[in-house]
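Okay, so here's just one chain, in structure tokens, the form predicted alone.
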């Protein structure tokens, strides 16, 4: 008969803890220390054929000056209310029209760009102008002044990737607008590519002391041939032929918080499934294929974007008998590796 009384005393005790701003760990321990990572992020595919008309329509209705950045955010349906594509990564599709300038600003979140279509656009990063062509990969490391503009005659579109959700979780976000729309060009055009995109040869002086990559643009004209030159003996069973965009000085990731990759799936190639304790965002660049995520098949083609949550089974397949498929991707792997939290499991 003493048990109900004790239960009532426990309930009363627990209810009273809130006034001291404390709580009983034993009530939530199983939810906090899970056997494997748990996330509300859902595998999701954004189709280019649906997004492109909306993006162009936004260009008719909203100017770059009004928007600061004219971007359609890729919002994960499992993270309702959050500006996030995965729990740590943000992706968006940005549009700039002929003659426009997206004004100068800087922020602590790191950012990357992969150019999807159009000619004549550029980015300026800390006084260095970087003309952009489809397939180019461009960095704006944290706290660098950057702006975008177009001197061409057609719309230019690119994929933005930022560690914005991670910065928000860590309360590390700072933002500063530029005093002028455009910054002064204080360096030669594409200065960093002249010094650091040399196939393993580095200048012996004036190397950066920090962890940021001194190379700000990785040209498609060099990246694609390098990918296609990889022999079958270099293929990963999980990714096919794959290259990482690295910091040419350290050999580490191109950004401190995000690693970026270019991969090729040969005709008929099917990769082995695995799980990794990282989240990823993929952009289909060439060809078409399928990615099976936790048993769900995502069918993708050029311009489609898809997200894979952490610790989720995934495998890729190129069903074409004659055409290669090429994917660009970025992930939060550098963070997980730096903290010692990276795991993977073959399936």
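Numbering follows the first chain given and starts at 1. No experiment lies behind these values; they were computed from the predicted model shown.
Omitted from view is the form predicted in complex with another copy of the chain, to which the following refers.
Worksheet item: Can any non-hydrogen atom of residue 195 be found within 4.5 angstroms of another copy of the chain in the predicted bound form?
Response: So residue 195 counts as contacting another copy of the chain.
Worksheet entry | Proximity of residue 218 to another copy of the chain in the predicted bound form, heavy atoms at 4.5 Å | Contact check for residue 218: yes, within 4.5 Å of another copy of the chain in the predicted bound form.
Discussion item. Is it the case that residue 154, even though its partner is missing from this view, gets within 4.5 Å of another copy of the chain in the predicted bound form, heavy atoms only?
Written reply: Answer no; every heavy atom of residue 154 is more than 4.5 Å from another copy of the chain in the predicted bound form.
Worksheet item: How about residue 145: is it within 4.5 Å of another copy of the chain in the predicted bound form, going by heavy atoms?
Response: Contact check for residue 145: no, nothing within 4.5 Å of another copy of the chain in the predicted bound form.
Worksheet item: Exactly one of 126, 117, 100, 244 has a non-hydrogen atom within 4.5 Å of another copy of the chain in the predicted bound form; which residue is it?
Response: Exactly one listed residue reaches within 4.5 Å, namely 244.
Worksheet entry | One stretch from 280-288, 55-63, 312-320, 294-302 that, in the predicted bound form, holds residues within 4.5 Å of another copy of the chain by heavy atom | Careful reading of the contacts points to 55-63.
Worksheet item: Does anything in 141-176 come within 4.5 Å of another copy of the chain in the predicted bound form by heavy atoms, and if so which residues, in order?
Response: Sequence-ordered list: 142, 143, 163, 164, 166, 167, 169, 170, 171, 172, 173, 174, 175.
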